[in-house]
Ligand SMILES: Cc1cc2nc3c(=O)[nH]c(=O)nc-3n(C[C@H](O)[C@H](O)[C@H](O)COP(=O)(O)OP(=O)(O)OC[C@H]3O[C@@H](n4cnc5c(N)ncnc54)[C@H](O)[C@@H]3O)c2cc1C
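Taking the form predicted on its own, here's one chain by itself in structure tokens.
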């Protein structure tokens, strides 16, 4: 099947087209209203909203009506300066009117002279630092999703525009701040974008003409020696604010002799897309998915109410939040999860020599996969590798992780792998390391993150039945994809084999119960790639990369947080048998579509039109 027609639609939905117009930066003056009381009504929760009606401005347009196209800057009903001032006062002066950081590398930004050579040089250096992006309220780690509207790497002669950046951002530091932002967006029909770090491969933390809701400063952290809340669990736990990132949590828990199930990426926010999308990580082989650890969420719903969701209250919402994706059900302000005692952690690092015969390298990669599947299946190992990232023919395994095992145990279990690699004459290095705790191993051996490049990602989840039966064919397709410009990140693990892993009471796609491997196929594009290059890349990936992998893994799917955003069968491949129930819950808790993200539940009810505006289908 060819996807040419779908590609045009997909690019429009993702807002990649260069045709997004340069909209006005000046605030319009809404018709005749001039007082603060008028604007304060839009801060009310849905249940309390009693619209002010007068002869000149009928505000009931905003309340309890069917879904309509989202209001955008320049529209008649976009708030004026006074309106935004009222919101700013309501959130304690924490309303940000951001400007793209790259503007200092462009001559102008909506008529403002902005070029500064020294600042531009500094900005270009920051562009490849993920930590800089994580602490900015609007900048994405992959600039393609900003539509290159203000890249510091672009020609200074090109105008800097807002593109898909949020126009205003609430720097939320309390539940009340979140409620005010949600109410404002809902009542004024403005697109709402929720963001912690922007650690996102698919641009879900951006939206043209949107109000951003930044949860990065929710840093509360409470520990429980014994959980006494709902769910029938009475072990240790922690309540995590929505602003925490993985490595910071790992480090904090090390000091307390504890661990938890978190992600492989150091900068990923814990409480957002990661855990709400399922969440696999280095300790998943021992304890299951991150969602399996959840005891309770606290969140603000689309109607502005603050609720708990757990095994006793809001049970459908609790189920949906544990695997059904973020930016969908509400704004999570905290999540309470199980914690565990820290442990001795051993790991091995394997690096292939890139100068040897290419056929030998690929035979070694095939052997490596065949042997490490068994380590994940039978011995609870976690394997992370990168193929092609460090240069031509590079294959770096950092690490083969074995929590709770000694160096001697790891060496013994890896010996069959090394015996087979030696038999084909492969040149490689390997070394085993042991640490007294998990965090030191994690921070010492795991590869760092990148940012600032134009990378297009796809992925496929393989079950054990697929990798045991089709390993040779799968690795041959790896090689085919690599020869066509794709580089790989690989995760080999079995979260479904942990006690309680991939629980039946969560909305994680059941295919994860027999997960063996999740490779990501990444394609680097030029920073200035245009519509034609993107269209070609999408068509090539769908037809020449994804389709062969799908043929080798019937009945499998992909992972919401690392998928091909242009997958035409995303509902089935991501959500599987849970789709119908998730869609029904979405209609109950957010009938007006306050929360939206591409490929999120409910996004099928929206389309993007001129200017990247969201409109009902």
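Residue numbers count along the first chain shown, from 1. None of these values were measured; they are calculated from a predicted model.
Below: the form predicted together with the named molecule, not depicted.
- Contact check at 4.5 Å (heavy atoms) against the named molecule in the model of the complex: all three of 205, 215 and 327 pass.
- You can rule out all but one of 263 to 271, 343 to 351, 165 to 173, 88 to 96: in the model of the complex, only 263 to 271 has residues with a heavy atom within 4.5 Å of the named molecule.
- For residue 296, no non-hydrogen atom is located within 4.5 Å of the named molecule in the model of the complex, even though that partner is not displayed.
- For residue 558, no non-hydrogen atom is located within 4.5 Å of the named molecule in the model of the complex, even though that partner is not displayed.
- Although the partner is absent from this view, residue 402 stays clear of the named molecule in the model of the complex, with no non-hydrogen atom inside 4.5 angstroms.
- Although the partner is absent from this view, residue 196 contacts the named molecule in the model of the complex, with a non-hydrogen atom inside 4.5 angstroms.
- 276 is the sole member of 183, 458, 276, 372 with a non-hydrogen atom lying within 4.5 angstroms of the named molecule in the model of the complex.
- Proximity to the named molecule in the model of the complex, defined as a heavy atom within 4.5 Å, holds among 177, 377, 546, 200 only for 200.
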